[in-house]
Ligand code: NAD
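Shown next as structure tokens: one chain only, the form predicted on its own.
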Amino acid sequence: MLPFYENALALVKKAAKTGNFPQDLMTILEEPQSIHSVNIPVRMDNGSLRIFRGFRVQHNNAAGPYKGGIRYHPEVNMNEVKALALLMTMKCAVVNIPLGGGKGGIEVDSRKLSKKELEAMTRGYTRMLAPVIGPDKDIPAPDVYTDSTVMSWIYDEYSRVVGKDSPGVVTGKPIEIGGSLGRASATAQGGVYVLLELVKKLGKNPKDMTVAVQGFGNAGSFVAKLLYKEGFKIVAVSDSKGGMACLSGIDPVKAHTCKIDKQSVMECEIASEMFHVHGGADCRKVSNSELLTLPCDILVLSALENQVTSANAESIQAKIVLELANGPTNMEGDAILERRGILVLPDILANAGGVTVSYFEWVQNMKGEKWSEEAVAAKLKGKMVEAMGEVWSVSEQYKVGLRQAALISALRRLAPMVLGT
């Protein structure tokens, strides 16, 4: 199995070849424009001094300032961050927003830090990166194990370093200090808009379709609730510890309440009222790997990368895969799904709602405006529907899957900007 960055790059190169783009384009895009590695000293609560290693990869800014999240995770590494930065460049181009791709991270299990230690680490990271980030240079956002509070610390520290109020330095901030309405559910909502367009093109009725959701966190819980409202039947959900499957259907609102209360849906009782059980319907606990191969119409991947591989792609029973996570299907798995006729709504299209509303937040900050939640939703829907229409058209033109079509669509926009033609 290829490492994450090599896998992502191979997919882009394949699209470049299919779309007959100049070799110069890939020569430029195959390496980031700049890579920053920092060592952050933090005085811990017990008085000891620890050094945390952080990264920021700036892939390409031909379309506009670098844009991409910051993740706090013990397994963060340069290969992963490079891959995610490359995918961000593609993602921004797919939905036609004037931003480039970036990504950052710190090697840390943030759950083991106190709030004071977490804030000190975040502010130290911000000070070290202050010369290379900013509203017109590079605009970070939340990602794995970072949130609006972390963004507020970055905003405050960066503003202190540069000596002026700079809300546009990050997105995903709390609403009261410049965050955008609609941002929390944006990734899921964007995915739902794209999925509904696909369902419409296939002539299907949501009420006749079943959904399994791997990754019942922020994006996964939101998408389950939104799809439930649209009439889809949610038949399985899982988090990092495992999940539940119930063919008679799951109420995602009650399931999420239970998850918050018990820390995992695995701890919820099978007989609880969150399950629509009728006459001894088949409800059982499942592992994350089991959930992937359950019988369903739509499989939502909203956990981590490399979930669908050559090891399990032959066993997937879903007819549609919606990628809300970044890189959840590797190249080998993707080829198997395509051969089997399973439609994959790829990450760079399906989860682009998050960066799209981040862009809206940045615009509001730069213009000193505040948009209503309805206005944000309408603008998001317009972007996602337009992008889906274009990707579908490219797919038909080149007779390729939606992933390759999305990448070709992105490269079409990027080529003149990157090559200066």
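For every residue, the number given is its place in the sequence shown, counted from 1. Computed from a predicted model, the values in this text were never measured in an experiment.
The form predicted in complex with this ligand is left out here; the points below concern that form.
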query: Distance check, Thr187 to this ligand in the predicted bound form, heavy atom within 4.5 Å; finding: yes
query: Partner proximity in the predicted bound form: Leu324 to this ligand, non-hydrogen atom cutoff 4.5 Å; finding: yes
query: Contact flag, Asn288 vs this ligand in the predicted bound form, heavy atom cut 4.5 Å; finding: yes
query: Gly217 within 4.5 Å of this ligand in the predicted bound form, heavy atoms; finding: yes
query: This ligand: the contacting residue among Lys233, Arg71, Lys173, Lys82 in the predicted bound form [heavy atom, 4.5 Å]; finding: Arg71
query: Selected contact from Leu181, Cys258, Ile316, Leu304, since only one has a non-hydrogen atom within 4.5 angstroms of this ligand in the predicted bound form; finding: Leu304
query: Listed range touching this ligand, judged in the predicted bound form by heavy atoms within 4.5 Å, from 296-304, 149-157, 122-130, 201-209; finding: 296-304
query: Lys91, Tyr145 and Asn351 all contacting this ligand in the predicted bound form, non-hydrogen atom within 4.5 Å; finding: yes
